[in-house]
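Have a look below at one chain only, the form predicted on its own, in structure tokens format.
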């Protein structure tokens, strides 16, 4: 396979996953603020979202550090043209990469790509109100799920499919680690809130941001214990949005691609797997969750760089 096709399949999946995960994060944050955060200022409500989506530096450059408001964040995260990670930017790049790899995806997938881009390019042009945003996020998540269903049902299994799977898994791993790191840092310090309604909503919002609320409740009956939540989100092999699950699926995609002669990629991925295999909820809490997640993100970045060097250049 040509390196540019592999690169496009990889990034097509990454950008769509990023758009969908950002929409999910924004949707849950809006709902969560209505339910539980009436006493918080707008900056406290929205700064974590900007941090998770790596959009804070660009936002501050545009508006200033003390100008974080609901309306501005909605506009910036959804349709901001200067935001490299805005939903609109991700969907535009999703379509551009799909176009490059047009002959490797199915007709149904290409039609869905165009439908998603044309629909949301138009909807994200104007002012994004709270009422408009809630429906937009739900509908976009449904469209992302539809595209992934078409991918699974209509695309030939081969290298192109494997690179697509790999891109989605890498993006999901990155987003999970960022959500856990930022959200957990906010939740944990205030011991006085443990067991309160606000504490419940905070943990529930974190799990819903990972689409894991119902799954967690089915497997954990003792409430929202911090260690249980983190253990579930990081090490639960049966939960499709845990770190371990996403990395395992990335490994399966790499096995289909083949790593013969790709020593840097193989070593970088082995280091990431080794970190997760040698850790558990107890060791992560003992040594520090933030430090662990920083390691995950660093090793993931190293893996991506090795992949780019040996496969895409």
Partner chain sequence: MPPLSSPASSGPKTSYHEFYADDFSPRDHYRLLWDHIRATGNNALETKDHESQLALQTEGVTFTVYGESEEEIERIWPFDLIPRIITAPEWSRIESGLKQRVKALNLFLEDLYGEQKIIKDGVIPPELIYQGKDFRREIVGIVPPRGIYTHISGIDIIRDEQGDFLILEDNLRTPSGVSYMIENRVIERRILPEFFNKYRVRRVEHYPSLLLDALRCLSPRGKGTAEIVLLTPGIYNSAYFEHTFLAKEMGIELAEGRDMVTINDIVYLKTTKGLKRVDVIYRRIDDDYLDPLIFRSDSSLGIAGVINAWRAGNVAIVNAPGSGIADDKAVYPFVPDIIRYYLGQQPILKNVPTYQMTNATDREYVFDNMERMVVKAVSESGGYGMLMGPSSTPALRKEFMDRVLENPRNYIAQPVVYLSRHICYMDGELEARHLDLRPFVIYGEDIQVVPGGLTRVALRKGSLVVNSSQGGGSKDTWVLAE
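Owing to the predicted nature of the structure, the values given are computational and were not obtained by experimental measurement. Residue numbers count along the first chain shown, from 1.
One more form of this protein should be noted, the form predicted in complex with its partner chain, which is absent from this view; the next part is about it.
- Just one of 118, 145, 152, 130 comes within 4.5 Å of its partner chain in the model of the complex, counting any heavy atom, and that one is 118.
- Exactly one listed residue, out of 241, 183, 104, 208, brings a non-hydrogen atom to within 4.5 Å of its partner chain in the model of the complex: 104.
- Although the partner is absent from the chain shown here, none of 42, 172 and 237 has a heavy atom within 4.5 Å of its partner chain in the model of the complex.
- Here the chain stands alone, but in the model of the complex its contact with its partner chain, taken as any heavy atom within 4.5 Å, falls in 120 to 128 among 211 to 219, 120 to 128, 224 to 232, 68 to 76.
- For the chain shown alone, residue 114 is a contact residue for its partner chain in the model of the complex, at least one non-hydrogen atom being within 4.5 angstroms.
- Remark: residue 1 counts among the residues lining its partner chain in the model of the complex, judged by a heavy atom distance of 4.5 Å or less.
- Taking the partner from elsewhere, residue 94 is found to have every heavy atom lying beyond 4.5 Å of its partner chain in the model of the complex.
- In the model of the complex, at least one heavy atom of residue 262 sits within 4.5 Å of a heavy atom of its partner chain.
- Contacts with its partner chain in the model of the complex, taken as any heavy atom within 4.5 Å, map within 242 to 259 to 257 alone.
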